[in-house]
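Have a look below at one chain only, the form predicted alone, in structure tokens format.
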Amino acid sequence: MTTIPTIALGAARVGFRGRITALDLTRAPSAGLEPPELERRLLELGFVEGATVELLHQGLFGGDPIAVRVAATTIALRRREAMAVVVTDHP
């Protein structure tokens, strides 16, 4: 059985393309929202298992916020919130 390597979307670089494998709220303890609220927000924005993601742009100072395309929607998200989104590389 092979294990597919995963990373947090918040740790990805501009140009990254992948697929969402899970939400792991323990990876985003400093997101500023309670875990259930962060999970609800991410799900409502389309960060669901199996969705394709692409990191399009990042802010000039500190790399925050990031612009992410999820399926066909572009969303601005703080990196600390994006740390809860677990993704695999998908060329």
Partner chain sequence: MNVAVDLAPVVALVGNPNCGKTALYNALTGSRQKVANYPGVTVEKKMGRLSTPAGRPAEVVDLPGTYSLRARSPDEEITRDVVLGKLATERAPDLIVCVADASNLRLALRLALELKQVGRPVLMSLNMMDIAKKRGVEIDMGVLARELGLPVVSSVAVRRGGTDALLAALDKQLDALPAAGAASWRAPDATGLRNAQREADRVLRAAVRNPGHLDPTTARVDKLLLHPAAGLVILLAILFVMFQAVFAWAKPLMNLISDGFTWLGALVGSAPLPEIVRSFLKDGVIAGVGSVIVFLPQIVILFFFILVLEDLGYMARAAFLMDRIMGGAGLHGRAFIPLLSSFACAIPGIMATRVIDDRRDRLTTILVAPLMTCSARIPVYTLIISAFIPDREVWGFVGLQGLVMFGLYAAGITAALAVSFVAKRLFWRTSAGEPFMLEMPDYKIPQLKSLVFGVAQRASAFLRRAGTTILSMMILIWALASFPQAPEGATDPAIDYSFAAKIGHAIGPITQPLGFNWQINVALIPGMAAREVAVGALGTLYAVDGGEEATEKIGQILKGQWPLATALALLAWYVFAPQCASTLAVIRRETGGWGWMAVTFVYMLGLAYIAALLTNQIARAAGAG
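Residue numbers count along the first chain shown, from 1. Just so it is clear, the structure is predicted and the values come from calculations on it, not from any experiment.
Separately, the form predicted together with its partner chain exists; it is not shown, and the next lines address it.
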| query | finding |
| --- | --- |
| Partner contact for Arg69 in the predicted complex: its partner chain, 4.5 angstroms, heavy atom | yes |
| Contact label in the predicted complex: Ser30 to its partner chain, heavy atom within 4.5 Å | yes |
| 4.5 Å heavy atom contact, Arg19 to its partner chain in the predicted complex | no |
| 4.5 Å heavy atom contact, Leu77 to its partner chain in the predicted complex | yes |
| Heavy atom within 4.5 Å of its partner chain in the predicted complex - qualifying residues of 27-60 | Ser30, Ala31, Gly32, Leu33, Glu37, Leu38, Glu39, Arg40, Arg41, Leu42, Leu43, Glu44, Leu45, Gly46, Val48, Glu49, Ala51, Leu56, His57, Gln58, Gly59, Leu60 |
